[in-house]
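First, one chain by itself in structure tokens, the form predicted on its own.
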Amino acid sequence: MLRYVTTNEGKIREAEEYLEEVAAVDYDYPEIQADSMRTIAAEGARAAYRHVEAPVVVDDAGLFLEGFDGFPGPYSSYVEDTLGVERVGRLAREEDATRAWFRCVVAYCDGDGFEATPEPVDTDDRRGRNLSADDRGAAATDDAVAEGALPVRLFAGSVPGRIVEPRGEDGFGYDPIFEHDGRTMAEMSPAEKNAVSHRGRALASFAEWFVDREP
């Protein structure tokens, strides 16, 4: 059974489109503050694995506004809680900065190392450093695991769009103000959203790799 660390039922529904035997785990792991979603997701996956003691998936997602140098990006949840989705949308439209992306990083940790693949591996050596593999996805060796490291495999997905007036009743977060191909994410059915969403694309990449993962 693969544990997906989230209390968001929408995320689980998306995950079930790509993964078999996935279960939600309610664990409030400490979310570090960082400029990189990869770092945030990797650290979350490590904390969750240590807590659950079983293979886990954690994701981090954000809204990136081109006109605001990618803001709110990794800080999207905090900005949603403080400024609110509608205010973010209004600011983007007022500044004519409506070009945007949804981006997501799915992080997987099972306590073992990984063979080299195109996906990046983030390796924590537990000595105060965080060693991120380059975009070629260098292998996390068994020696590193033996020394106490917890390698995390990372999978990314993104979808382009633009910021519009809120529309739609479905979805969550920034979905009502994010338009892709003529409709906001909140105007799409779950199946339609899964087919194009940033999280869906990251999950599809993960699922393709995971099906061949050794037990």
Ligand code: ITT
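Residue positions are given as counts along the sequence shown, with the first one as 1. Values in this document were obtained by computation on a predicted structure and should not be read as measured data.
Beyond what is shown, the protein has a form predicted in complex with the named molecule; the following relates to that form.
Among heavy atoms of residue 44, none comes within 4.5 Å of the named molecule in the predicted complex.
The named molecule is not drawn, but in the predicted complex it has a heavy atom within 4.5 Å of residue 62. Proximity of residue 68 to the named molecule in the predicted complex falls outside the 4.5 Å heavy atom cutoff.
The named molecule in the predicted complex is not approached by residue 201, whose heavy atoms all lie more than 4.5 angstroms from it. Of the residues 161, 55, 173, 157, just one reaches the named molecule in the predicted complex with a heavy atom at 4.5 Å or closer; this is 173. Although the named molecule is not shown here, in the predicted complex the stretch 21-59 places heavy atoms of 29, 31, 59 within 4.5 Å of it, in sequence order.
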